[in-house]
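Encoded as structure tokens, the following chain is the form predicted on its own, with no partner shown.
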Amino acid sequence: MATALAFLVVFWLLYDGICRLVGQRKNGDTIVGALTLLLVCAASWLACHWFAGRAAFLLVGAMLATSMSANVFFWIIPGQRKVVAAIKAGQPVDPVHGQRGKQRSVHNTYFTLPVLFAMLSNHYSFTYSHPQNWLVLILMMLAGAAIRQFFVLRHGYKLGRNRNPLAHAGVGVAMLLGVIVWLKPDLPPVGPASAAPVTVGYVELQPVLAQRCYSCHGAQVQMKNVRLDSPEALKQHAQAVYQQAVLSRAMPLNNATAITEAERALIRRWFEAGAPVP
């Protein structure tokens, strides 16, 4: 818990320090953007190496969302108040408040889609369960930022202020498609190529489910309203069992019940045989 909270605090302090030290220099916005990108990549790598994949993705999303909120709370709103107060008092307005507010608002804009992906990723186990999940996270966030750039520039294009921003959307979509192709699961081998396929029925599969799955999907507990302790229920959720236990290997969660590779192969043979039940 302390480490997770430190991620939120330390990232904000480093990011805020970068904006303060470099933001007002020549080409400051470009330098701040590059350094922030490196900081996000480093934080994503650390999170995925220190925490389980699902927790790491959520933590990075919370980290960026916390910085977005802090930008509004510490800089954007206070700056606006100071500008309004100066105008009401008939005093000259310090332009630094507008510059800082714009800078932090721009950053919040590009953080939006990366945060959205990170916070919804727990529904898509094939992303956070990948061996290189940190790279998956970074690529998906970059794709989101590129697509966000398209939306930012689209209005200006319609007013004739900038070129057609469709290329930014194309880059983002291409990155998404590349990640999809990269994450396409490879089926694990079930045995020697020369061996005849063995049909697995409910009788052979039920003891595995009882030992590995019923603790979360049985009579006492039904996580996500999924129950597997009857032939009818198993048949109803056969596709999900195959997807989660064989393809994405996300279940059991963190392999808490120590399912073996042979047992995953058994589930695969049962499903490919038509998911037979009595």
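We number the residues from 1 along the sequence you see. Whichever C-alpha set is largest while still superposing within 1.5 Å between the two forms counts as the rigid core. This structure is a prediction, so every number in the text was calculated from the model and none was measured.
Same protein, other form: the form predicted together with ligand HEC, not shown, and the subject of what follows.
A.B. asks: Counting only non-hydrogen atoms, which stretch in 23-31, 240-248, 39-47, 63-71 is within 4.5 Å of ligand HEC in the predicted bound form?
C.D. replies: This holds for exactly one stretch, 240-248.
A.B. asks: Of the residues 52, 35, 223, 233, which one places a heavy atom within 4.5 Å of ligand HEC in the predicted bound form?
C.D. replies: Contact with ligand HEC in the predicted bound form is made by 223 alone.
A.B. asks: Heavy atom to heavy atom, is residue 213 within 4.5 Å of ligand HEC in the predicted bound form?
C.D. replies: Yes - in the predicted bound form, heavy atoms of residue 213 and ligand HEC come within 4.5 Å of each other.
A.B. asks: Do residue 265 and ligand HEC share at least one heavy atom pair within 4.5 Å in the predicted bound form?
C.D. replies: Judged by the heavy-atom cut-off of 4.5 Å, residue 265 is well away from ligand HEC in the predicted bound form.
A.B. asks: Please determine whether residue 228 contacts ligand HEC in the predicted bound form, using a 4.5 Å cut-off between heavy atoms.
C.D. replies: Yes, residue 228 is a contact residue.
A.B. asks: Are any of the heavy atoms in residue 259 no more than 4.5 Å from a heavy atom of ligand HEC in the predicted bound form?
C.D. replies: Although ligand HEC is absent here, residue 259 would touch it in the predicted bound form, with heavy atoms inside 4.5 Å.
A.B. asks: Residue by residue through 147-172, tell me which have a non-hydrogen atom within 4.5 angstroms of ligand HEC in the predicted bound form.
C.D. replies: Residues within 4.5 Å: none.
A.B. asks: Indicate whether residue 56 shows a C-alpha shift of 2 Å or more between the shown form and the other one, with the rigid core used for the fit.
C.D. replies: It does not, since the residue 56 C-alpha is displaced less than 2 Å between the shown form and the other one after the core fit.
A.B. asks: Any CA movement of 2 Å or more for residue 206 between the shown form and the other one, core superposed?
C.D. replies: Shift at residue 206: 2 Å or more after core fit.
A.B. asks: Taking the rigid core as the frame, does residue 11 move its C-alpha by 2 Å or more between the shown form and the other one?
C.D. replies: No, the C-alpha position differs by under 2 Å between the shown form and the other one.
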